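Here we start with a single chain on its own, the form predicted alone, put down as structure tokens.
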Amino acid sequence: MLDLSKYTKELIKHFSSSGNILLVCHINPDGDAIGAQLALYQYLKAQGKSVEMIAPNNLQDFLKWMDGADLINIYIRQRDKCKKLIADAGLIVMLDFNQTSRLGEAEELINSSSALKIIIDHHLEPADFNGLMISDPSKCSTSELVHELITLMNDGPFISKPYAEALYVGIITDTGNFEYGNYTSRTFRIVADLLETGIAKERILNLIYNNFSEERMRLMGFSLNERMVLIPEYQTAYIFLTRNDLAAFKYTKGDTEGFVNMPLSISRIIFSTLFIEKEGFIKISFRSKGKFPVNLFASEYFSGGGHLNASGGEYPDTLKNTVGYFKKILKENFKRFNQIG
């Protein structure tokens, strides 16, 4: 576990001395990326700081209700404004990723900026970075890490309902509402403190997990009935979805959220994979139970990475060839990865 106290004075110095602070999350932002970004935004605004936010591309609909989400500038829709925000920034804080390749179109501009840069993240295997890297994989989410840092800087908990909501969203989405991830007893103590602020837990859970369209529900049923394949000899299941499948169910961004977790409910299945056909490549999500290291599986064979039990990657081929390659790799390496775990 990282000793976060050694970063406190440095963060206070940078936040207090920087005129224009820019908070940036990763491309295809999830609940933790947006939760951490909005929580840090709420804290810095309360300190009277000049703060702006950028997301490389659009937020998923189930996150847009969050207080301050409408203030996040979307790079692919507001390029001129975002370019100016990057150029004017004195401090750029990047949240919930540890490789700048996840900045999308904004990568080159941010990398070439003369602003001081800070990364706050909880993923494994951070890339080389010319700036301050605060990386703690022992945290269940970047939101938890941001809260710990803010509590140290603030010499005690920072209390604000929008702040608490943002952190709660980040924590529950990066743990699948506590079904997986590195959550600890400390995580639950933090959640207890957040609930003490009066946030509406049931409302938030409904907005995050029970706020989908009829088409999404039908796509989920189709995925399980028609597109789920079990490989029992390797305790593995996978789901594959073509572009035509998605179009038939009027797919919108975020509709497949959580699909990769569903096969793990099957007895003896410890490894689950979701393949989604994109234009020119296949997007892949990996989940596991126990200590099967999907982060290593993703990084070794699918240009990806992430957490022990939750990772992602991609493959530049057809869906048929990608699934075939996956099955070959699984057959050759399942025993090795299972022994690592």
Ligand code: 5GP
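Sequential numbering from 1, following the sequence displayed. Here the structure is a predicted model, which is why all the values come from computation and not from measurement.
The same protein also has a form predicted in complex with the named molecule, omitted here; what follows describes it.
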Considering N58, S50, S303, Q47, which brings a non-hydrogen atom within 4.5 Å of the named molecule in the predicted complex? S303
Note which of S223, T175, S135, Q99 lies within 4.5 Å of the named molecule in the predicted complex, where distance is taken over heavy atoms; exactly one does. Q99
Does any heavy atom of A310 come within 4.5 Å of a heavy atom of the named molecule in the predicted complex? yes
For K289, is any heavy atom within 4.5 Å of the named molecule in the predicted complex, or not? no
Using a 4.5 angstroms cut-off on non-hydrogen atoms, would T273 count as touching the named molecule in the predicted complex? no
H123: heavy atom within 4.5 Å of the named molecule in the predicted complex? yes
Given a 4.5 Å cut-off on heavy atoms, tell me which of 35-43, 63-71, 50-58, 310-318 is the interface stretch with the named molecule in the predicted complex. 310-318
So which residues in 281-297, when you check the named molecule in the predicted complex, have a heavy atom no farther than 4.5 Å from it? K283, S285, R287
